[in-house]
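The chain below stands alone and is given in structure tokens; this is the form predicted on its own.
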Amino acid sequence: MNSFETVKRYKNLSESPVSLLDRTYEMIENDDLNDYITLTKNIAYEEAYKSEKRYKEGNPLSELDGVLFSIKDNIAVENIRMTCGSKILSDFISPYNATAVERIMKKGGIIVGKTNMDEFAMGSSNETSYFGPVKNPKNKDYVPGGSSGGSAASVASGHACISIGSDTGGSIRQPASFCGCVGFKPTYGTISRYGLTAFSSSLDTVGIASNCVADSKLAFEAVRGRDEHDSTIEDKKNDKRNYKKIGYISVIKHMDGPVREVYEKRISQLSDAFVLEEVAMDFIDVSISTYQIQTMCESSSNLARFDGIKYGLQPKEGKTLRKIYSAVRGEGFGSEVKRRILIGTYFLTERDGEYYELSFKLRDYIANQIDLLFTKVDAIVLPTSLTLPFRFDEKTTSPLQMHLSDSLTAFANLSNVPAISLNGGYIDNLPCGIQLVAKRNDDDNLLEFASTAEEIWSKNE
């Protein structure tokens, strides 16, 4: 499902937003993917009837009018439950819309529901959700990736056309790789984070999952731009230009053979249209450690607001604040969230926060190395993940192995550059993503390059 085919059917009246919504909800109920936590049927049908009327009158609001969206459940939708995949927020109702949601709805987009996710976006497989794991629509025995696994699964299964998710270290790109769709993480500061529940504030980015690059472009244009609620928005644009020289890496540690096979095949297919140049990306080795320190420290601080006093899970016992906090967080947070809070607190307190301070020095080093690379090439192509999708419970007992899932994606968040994952093909019916990365604020040119790569690769299937 893509927006262009959908809107075309709306315009010739061969299908209506209401009938498509009927079929979509029926699919969701029958497919057993657990990709949604909450279905927003009331507001969806209300907007679908309005959209249908506009098409009959020949006055759609935009190219997204009547297009079905899913929203990751850490992004606020007014009067709808927002759980962040956690028990501690299992009954919380959002009092407002996130900026991204508000802008989608103003374009006529229809919100199908809130998608399942790793608890507070902490995970790479969608197995830490309080509401159970999401199943990969390509093979239900495998994970869909995380933390935006529900977003990617909803798009890949046809349960939505486009999904708005979040990406802190690869959380929209890695699930897109595992589910065989497109996952776009823009430059930090181009899409407002207002209404996005903070995990790691200096890295969190609102991202987009779709079935084609064109849909990511449409959604990006709809939600980007300045917002009075988010002071980090810059909305800088580079001059339009065509990429000519593309960098690639030949030595990637711990990469599975099938992933290398797909990667090398797709690189070679770009050689007729671009000049390829091998580059070194040694900073990848330190990026995952830097990412873990930063996110654990910032999540330790950000999640302190969930105390059972202001909102969320209420205490059943406790006569002192300390006992109330302990009871609420002990019951409300899952094991992965607790682990990261504890480690983050240690990093922040041990040696007066020396580890956290060091992580920023490493982050500056990574950003400087990326900037240097983009003086030599226009974009970089590399795999999205070291592995193909893995089976449930395969890595849950090894946090280190799970963290390696972000090895090839976290550097883009640390250096605040845009990146997009495209489906590179299938090995034994399992998808394999290829990631394209460009310099800071070059989002529009990156999307054009992604469209070209998508076209080249589709012709070589």
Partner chain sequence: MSNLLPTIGLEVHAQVKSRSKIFCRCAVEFSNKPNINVCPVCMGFPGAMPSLNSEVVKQAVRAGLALNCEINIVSGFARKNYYYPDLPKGYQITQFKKPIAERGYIILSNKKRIRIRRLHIEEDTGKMIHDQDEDTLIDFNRAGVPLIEIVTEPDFESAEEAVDYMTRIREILRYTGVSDANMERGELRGEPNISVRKTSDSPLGTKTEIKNLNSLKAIEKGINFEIDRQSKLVAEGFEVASETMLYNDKKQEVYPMRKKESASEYRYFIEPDLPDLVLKEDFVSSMKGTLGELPEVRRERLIKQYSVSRDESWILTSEKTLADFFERSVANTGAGKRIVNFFIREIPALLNEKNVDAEKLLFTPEDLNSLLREIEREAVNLNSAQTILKRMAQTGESSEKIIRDLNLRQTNDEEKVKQLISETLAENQKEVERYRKGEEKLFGVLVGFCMKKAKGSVSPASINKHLKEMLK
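All values reported here derive from a predicted model rather than from experimental measurement. Residue numbers count along the first chain shown, from 1.
The form predicted in complex with the partner chain is left out here; the points below concern that form.
None of Gln369, Ser90, Thr345, Ser289 but one reaches within 4.5 angstroms of the partner chain in the predicted complex through a heavy atom, and that residue is Thr345.
Think of it this way: in the predicted complex, the partner chain has a heavy atom of just one of Tyr263, Phe306, Tyr142, Phe274 within 4.5 Å, and the residue is Phe306. Figure note: of the listed segments 103-111, 179-187, 355-363, 130-138, the one touching the partner chain in the predicted complex, with heavy atoms no more than 4.5 Å away, is 355-363. Within 4.5 Å of the partner chain in the predicted complex, a heavy atom is found for every one of Tyr194, Asn302 and Lys310. By the criterion of a heavy atom within 4.5 Å, Tyr325 is counted among the residues contacting the partner chain in the predicted complex. Among heavy atoms of Asn238, none comes within 4.5 Å of the partner chain in the predicted complex. The partner chain is not shown here, but in the predicted complex it comes within 4.5 Å of a heavy atom of Tyr96.
Remark: Glu298 counts among the residues lining the partner chain in the predicted complex, judged by a heavy atom distance of 4.5 Å or less. Of all the residues from 215-242, those having a non-hydrogen atom no more than 4.5 Å from the partner chain in the predicted complex are Glu228, His229, Asp230, Ser231, Thr232.
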